[in-house]
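What follows is one chain in structure tokens, specifically the form predicted alone.
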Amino acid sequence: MANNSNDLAHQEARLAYKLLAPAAIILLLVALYPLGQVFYTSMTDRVFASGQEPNFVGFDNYRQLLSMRIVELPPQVDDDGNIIRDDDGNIVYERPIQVLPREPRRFRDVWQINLFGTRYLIAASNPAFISAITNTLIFTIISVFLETILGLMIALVVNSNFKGRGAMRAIMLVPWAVITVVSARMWEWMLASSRVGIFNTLLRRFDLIDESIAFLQTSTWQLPSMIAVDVWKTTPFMALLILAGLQLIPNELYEASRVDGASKIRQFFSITLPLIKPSLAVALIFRTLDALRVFDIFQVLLAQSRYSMASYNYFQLINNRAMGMSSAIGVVIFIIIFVFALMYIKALGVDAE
């Protein structure tokens, strides 16, 4: 009897492989081959829209993008060897350009940190791309966190029974249905520092500011503005995916828990949250993947004043025509997304579900 069961299992496995074979072949043709081509191009100096024969440069594009150095910044000293201080008694340090290496490639100052009374420079050969990675990671972590919390709250509300629930579910999808470029332009007007900007108008009306805030021109406000635009647009998407998971939870579980005297909070942490974990993991993976590839709102609202990884990739390909460098950036984005996906799968236990 056991042998018959094993034979049946092997037959089912072989049938599954045969059914999956066409999809696997299509995946090889439409995904893996282009990806391999991008990997190869990233190791050349190919010029976009040019008949020039590319040269193989190995990992030089990656070195130009990712090379970083940590250099101690020495204080300035006078002719007698004494440390120079300003009028407030603070140490005057040498200019970064005087201590950063220029060969075999030039490094530029990215950050300065004080550690145990010593100032260090964190420099990069391509500070624009390092800043783009930082911008994208900060944008992704904060926006996905806010969208998940707000999406969960909205999903819990629209999942409950109340009059007009259907209309509420339709209304909540309106921001997500708006084309991203259109919503970016709309937010550009609202964030304007002139009378057109509704936020500055309201802040002045309630005497919260003395002068208008240039949300899209001031570096301090640029990233929060991008996060606000994305949270407004994409929270409904998270709510929709989480709502799909909530719909699968049987009401009998809640009824049994109420009989046992469980509170709403206890029901949420003991029933709702564990059972929506697979749906939550899918929502997080999809949203994080999109956030790491964010391009449109950065390009529309900030252009070249501040980059995401994808907008910097566009700049290298279209403006600089550096197709090899652009391909290397694409590979870096792919690796970062892949790492995030693995982290979610392991942390949320999706592979064990």
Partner chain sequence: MFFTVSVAAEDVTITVAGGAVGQELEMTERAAEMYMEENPGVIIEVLDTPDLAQDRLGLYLQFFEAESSEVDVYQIDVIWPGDLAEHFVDLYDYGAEDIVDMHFQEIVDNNTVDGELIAIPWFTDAGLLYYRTDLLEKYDLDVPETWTELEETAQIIQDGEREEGNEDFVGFVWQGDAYEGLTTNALEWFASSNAGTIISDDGYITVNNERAVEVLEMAAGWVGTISPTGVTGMAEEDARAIFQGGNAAFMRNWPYAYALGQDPEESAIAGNFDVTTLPAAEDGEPAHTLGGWNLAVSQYSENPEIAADVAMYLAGFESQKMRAIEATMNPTIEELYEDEEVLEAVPFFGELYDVFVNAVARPSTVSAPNYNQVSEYYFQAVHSVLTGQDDALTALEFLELDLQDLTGFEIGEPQN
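Since we're looking at a predicted model, the values are computed, not measured. Residue numbers count along the first chain shown, from 1.
Not pictured, yet referred to below: the form predicted in complex with its partner chain.
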query	finding
Partner-facing stretch of 230-238, 91-99, 254-262, 139-147, counted where any non-hydrogen atom is within 4.5 angstroms of its partner chain in the model of the complex	91-99
Contacting member of 223, 122, 214, 203, with respect to its partner chain in the model of the complex [4.5 Å, heavy atom]	214
Any non-hydrogen atom of residue 35 within 4.5 angstroms of its partner chain in the model of the complex	no
Exercise: residue 161 in contact with its partner chain in the model of the complex, heavy atom 4.5 Å	no
Any non-hydrogen atom of residue 295 within 4.5 angstroms of its partner chain in the model of the complex	no
Touches its partner chain in the model of the complex: residue 180 (any heavy atom, 4.5 Å)	no
Heavy atom of each of 60, 285 and 340 within 4.5 Å of its partner chain in the model of the complex	no
